[in-house]
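Two forms of the same protein chain are encoded below as structure tokens; each is given separately, as structure 1 and structure 2.
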Structure 1
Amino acid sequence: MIAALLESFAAAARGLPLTLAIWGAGVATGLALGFVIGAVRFFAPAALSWPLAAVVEAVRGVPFLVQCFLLYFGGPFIGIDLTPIVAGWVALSVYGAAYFSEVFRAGFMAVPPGHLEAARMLGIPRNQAVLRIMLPMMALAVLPSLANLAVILIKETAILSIITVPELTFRVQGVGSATFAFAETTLVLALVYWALVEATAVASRHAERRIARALAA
């Protein structure tokens, strides 16, 4: 048992850097895409907002596992032939962007219209009012939800092992298949993912406090 645990932790250490890299890249890309989509859906006319809303609902309505299968195994049929790592990054980014966009759109809607109206009465240009008033307030409102989605995405990286991405779950499951110590390997996976989730939660609370202090200053 001890040997299996040690081997599982060693495998987790080998797979953890790739898990963090794909997760970080997926969250960063998803945040950028989600912000753009959320802003367009909030500020743009319906002719632009409605098609984006349909795409978002389509992505949210399909399980992440199915999206990975469609991209990695179905992509070559339409000329999209991606490596497992790139396919995992693209899938995680698109999946995250759909959910991030809804959070950002809700954040824009949560800012009281009176704040922008007051800025207009004071002669502040609309773009400056959005940048200096609306965005900071929206950031504080959406940060807990964004952190929660980031936690969800770091757990979703385990699904990428299905398309042979050599990340954390893939490495540790390899130990289980070789040694048949599935209880030990599953325990190690649970502990590592728990640690990642807790670290993400601590970082998000720290960021939330900093944003709140900056707004109060």
Structure 2
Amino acid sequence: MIAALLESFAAAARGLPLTLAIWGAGVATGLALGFVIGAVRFFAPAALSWPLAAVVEAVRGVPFLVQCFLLYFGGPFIGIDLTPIVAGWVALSVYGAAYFSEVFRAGFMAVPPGHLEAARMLGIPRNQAVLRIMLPMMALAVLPSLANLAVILIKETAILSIITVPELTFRVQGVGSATFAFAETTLVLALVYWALVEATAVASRHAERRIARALAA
């Protein structure tokens, strides 16, 4: 039993770098894509905003597991043939972007119109008002929600194991299938993800404070 636990931890350690890499990459592209979607949905005319709204709703309405299946097993039928790691990264990015975009959109909406009217009266061009006034004002407001979503996404990376991405869960489950020590491997998975969530939560709070301080300076 101890041997199975140790072996599981070793497998977790081998999978951890890929889990972190795919999470970091997914969060980064998800944030960028989410920002663009949120901005388009806030600023662009309805004709552009509506289709995006439908996509966001669809992504939020379908389980991440099903989305991964669709992309990885369904993709080849429409010419999207991705390796497991790339498929995992794309899936996580799109999934994250849907949620991030809603946070950004709410952030844009929360900037009081009067603050922009004041800029308009002074002759400040719209794009400068967005850059110098709107974005800094919303940054502080959206930071905690973005950080919270990023932390949630680290748990979602476990699902990538079913499209054979050799990340943490995939490796530890490998030990399970080889040794039939399912109780031990599952326990290790639970402990490792819990620790990861706590660590990223602490890290994101730290980052949040640093960004807040940089913005306030």
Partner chain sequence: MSAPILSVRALERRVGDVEILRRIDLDVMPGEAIGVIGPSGSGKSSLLRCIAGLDEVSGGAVMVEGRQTRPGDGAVGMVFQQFNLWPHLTARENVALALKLVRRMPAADAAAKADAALARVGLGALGGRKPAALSGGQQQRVAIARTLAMEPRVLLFDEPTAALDPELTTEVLDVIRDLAAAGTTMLVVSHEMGFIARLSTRVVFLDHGVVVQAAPPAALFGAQAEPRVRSFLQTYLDRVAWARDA
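Along the sequence of structure 1, residues get numbers from 1 upward. Superpose the two forms; the largest set of C-alphas matching within 1.5 Å is the rigid core. Note that the coordinates shown come from a computational prediction; the quantities given were computed from them, not determined experimentally.
Taken from the structure described as the form predicted on its own is structure 1, whereas structure 2 is drawn from elsewhere. The two forms, fitted on the rigid core, differ between the two structures by 2 Å or more at the CA of Ile133.
With a cut-off of 2 Å and the rigid core superposed, Ala207 has a Cα displacement that reaches or exceeds the cut-off between the two structures. Core superposition places the Cα of His115 2.7 Å apart between the two structures.
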